[in-house]
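Shown here is one chain on its own, the form predicted on its own, set out as structure tokens.
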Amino acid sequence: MLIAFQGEIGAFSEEAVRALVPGAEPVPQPSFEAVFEAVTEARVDYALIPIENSLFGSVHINYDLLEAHALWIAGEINLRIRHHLMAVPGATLDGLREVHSHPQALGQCRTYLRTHLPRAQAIPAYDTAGAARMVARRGEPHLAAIASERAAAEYGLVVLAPGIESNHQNYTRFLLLTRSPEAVPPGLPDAPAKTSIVYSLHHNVPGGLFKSLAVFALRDIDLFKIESRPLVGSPGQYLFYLDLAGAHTDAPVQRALDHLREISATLKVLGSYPGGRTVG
């Protein structure tokens, strides 16, 4: 079973793959676009993507890619993220001048960087583990990376400061994607179902957003999250992403979605899946 993820070996996404589907083979990809393409083109069986972090918010590019691709959300997992500052053996905190990592990781550790490494430049990289690999390959003691403990071990780096995230309640939610609702891997948690949708409203309809949310309130359906993204090519209009309680096949949810179709311009069900467990 092949599962694509963005980044290098040692990335938090790889850790999430192994936690959600034990025994699967994680397949590194250089970008989120490449992850979606790999599963869409059937070069892998599934994909795992981060969708939001408890400290730094949503991964907006993945919301846009979910809307653009015909994939199905089959599962989720919440992973505790522990960021470690690492460098080559012999490096010291006082000697660091550059800290490389993914922009999300840099944002999650900005308090530590500002307080303890004010002279070091924070430099974005495409991946936490990729930053660790680069630091190991260059072998320069003024360079550091922020990545996982596994990445430090994988690339022979020394952890100079463990757990440097600004808040230790640091969790990232990952979504498992597949090409078909029927192609769900065995062994996923048996938990109450969640459904994710994306929709757009007719332009300039007074109270349109309120009415769209009311279709769920009228049927006592809980909403977990709402996210808005600009509708490309239509300035001032938006796509709305909702996570709600229940499967799309449940009668109350079906009626709510039928009602929503009547008052929305577009509607797409992104998936129904078991609520994910938290690990780490």
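Heads up, when I say rigid core I mean the largest set of C-alphas that superpose within 1.5 Å between the two forms. Computed from a predicted structure; not experimentally measured. Numbers for residues come from their place in the sequence shown, where the first is 1.
Only in words, not in the display: the form predicted together with a further copy of the same chain, which the text now covers.
Visitor: Test of understanding: in the predicted bound form, would residue 169 fall inside 4.5 Å of a further copy of the same chain by heavy atoms?
Guide: Output for residue 169 is yes: heavy atoms within 4.5 Å of a further copy of the same chain.
Visitor: According to a 4.5 angstroms non-hydrogen atom cut-off, is residue 125 in contact with a further copy of the same chain in the predicted bound form?
Guide: Answer yes; at least one heavy atom of residue 125 falls within 4.5 Å of a further copy of the same chain in the predicted bound form.
Visitor: Tell me, yes or no, whether residue 110 is in contact with a further copy of the same chain in the predicted bound form, where a contact means a heavy atom of each within 4.5 Å.
Guide: Within the cut-off, so yes.
Visitor: Is residue 120 one of the residues lying within 4.5 Å of a further copy of the same chain in the predicted bound form, judged by heavy atom distances?
Guide: Contact with a further copy of the same chain, no.
Visitor: Heavy atom within 4.5 Å of a further copy of the same chain in the predicted bound form: which residues of 208-237 meet that condition, in order?
Guide: Contacts from 208-237: 209, 210, 213, 214, 217, 223, 224, 225, 226, 227, 228, 229, 230, 232, 233.
Visitor: Using the rigid core as the reference frame, would you say residue 247 shifts its C-alpha by 2 Å or more between this form and the one not shown?
Guide: No: residue 247 shifts by under 2 Å between this form and the one not shown.
Visitor: Superpose on the rigid core, then tell me if the C-alpha of residue 108 is displaced by 2 angstroms or more between this form and the one not shown.
Guide: After core superposition, the C-alpha of residue 108 moves 2 Å or more between this form and the one not shown.
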